[in-house]
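First, one chain by itself in structure tokens, the form predicted on its own.
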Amino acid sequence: MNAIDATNVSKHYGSTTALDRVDLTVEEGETFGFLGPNGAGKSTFINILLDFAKPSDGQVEIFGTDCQRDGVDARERVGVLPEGYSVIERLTGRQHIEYAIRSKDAHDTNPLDILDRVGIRDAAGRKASGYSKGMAQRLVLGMALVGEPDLLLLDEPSTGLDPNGAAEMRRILREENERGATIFFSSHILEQVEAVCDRVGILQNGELVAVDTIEGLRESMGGGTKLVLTLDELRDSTLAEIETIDGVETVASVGDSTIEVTCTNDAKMDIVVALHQAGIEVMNFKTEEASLEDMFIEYTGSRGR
């Protein structure tokens, strides 16, 4: 069974289209990254999953349950970290977790264990009014973890976290996935997604423009490999000769004796062999895989920062 099934989902606010005929399947047990610049429609899609917003067209299901017709049943298996969630300032951290335990009927859960897991056990008795933004984000993540949900829906989960906090968040997501949970999280911070995701979807202006593994996205961009070679000499004919090799996309000189070639993985050795046969010695070479940021820019024309 799929964890998420979205079919032809659109959402219009007057003349503004927030989502445009989105078709998306997230497999059970998968870690899926939902990418897009701010305003792309990521939060709108998550709100439809949670039945906080109704689609103008289309249908969304969580584990086979329609999110609009049976929203309460669909949400029973979900832990949520919403974007911009406001903690209740008069309640302590422990009281927030206890509230989540009651809401989810997860009475065998120790609230201090949850707070320890997200790194704020020492602040269990402090009112949330004294929490930093990062501590509040950790607290809401802890609330999402209560009851070991089958699906974690996280909207910009690293907001407010310092680098150590972001690393701890990634560790928790890996642990949750290892116990069998499906992870679906939106982000515009590409390093977070690249570090943990099995697949990614890229949303641009409400339209899902790509869904694939990161390696699959690289291949769709012509292989996504950049080969940087330092030669003992760079002849006038060298660039033109390399351009004729199958799998080569672009060739450019970046100095008196260095060239950069974008190509498929299979073409890398052919380039080195061709240079050797031409009597040109390769003094040094390195390969660089296209990063998720490179691919994001390719699909959206923006840096997602």
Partner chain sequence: MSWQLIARQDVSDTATQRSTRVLLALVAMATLLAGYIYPLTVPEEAATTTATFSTYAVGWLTTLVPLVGVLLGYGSVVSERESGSLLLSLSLPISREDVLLGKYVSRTGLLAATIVGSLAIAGWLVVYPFGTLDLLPYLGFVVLTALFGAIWTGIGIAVSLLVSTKRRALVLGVTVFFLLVIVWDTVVQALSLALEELGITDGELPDPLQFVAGLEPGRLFRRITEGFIDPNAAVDGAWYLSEWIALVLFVVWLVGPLGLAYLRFSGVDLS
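Positions refer to the first chain, counted from 1. Bear in mind the structure is a predicted one, so any value in this text is a computation, not a measurement.
Unshown form predicted in complex with its partner chain; subsequent notes refer to it.
| request: Check whether Val193 has any heavy atom within 4.5 Å of a heavy atom of its partner chain in the predicted complex, and answer yes or no. | output: So Val193 does not count as contacting its partner chain.
| query | Can Glu168 be called a contact residue for its partner chain in the predicted complex at 4.5 Å between heavy atoms? | reply | Heavy-atom contact with its partner chain at 4.5 Å: absent for Glu168.
| request: Considering only heavy atoms, tell me if Arg90 and its partner chain come within 4.5 Å of each other in the predicted complex. | output: Yes, Arg90 sits close enough to its partner chain in the predicted complex that at least one of its heavy atoms falls within 4.5 Å.
| request: Using the partner position in the predicted complex, report whether Pro82 sits within 4.5 Å of its partner chain, counting heavy atoms only. | output: Close contact exists here: in the predicted complex, Pro82 approaches its partner chain to within 4.5 Å, heavy atoms only.
| field | Among 197-205, 118-126, 177-185, 94-102, the region lying within 4.5 Å of its partner chain in the predicted complex by heavy atom distance | value | Every other range fails; the passing one is 94-102.
| field | Check all three, Thr238, His276 and Thr287, heavy atom within 4.5 Å of its partner chain in the predicted complex | value | Not one of the three qualifies.
| query | Counting only heavy atoms, which residues in 1-34 are within 4.5 Å of its partner chain in the predicted complex? | reply | The stretch 1-34, when checked against its partner chain in the predicted complex, contributes Lys11, Tyr13 at the 4.5 Å heavy-atom cut-off.
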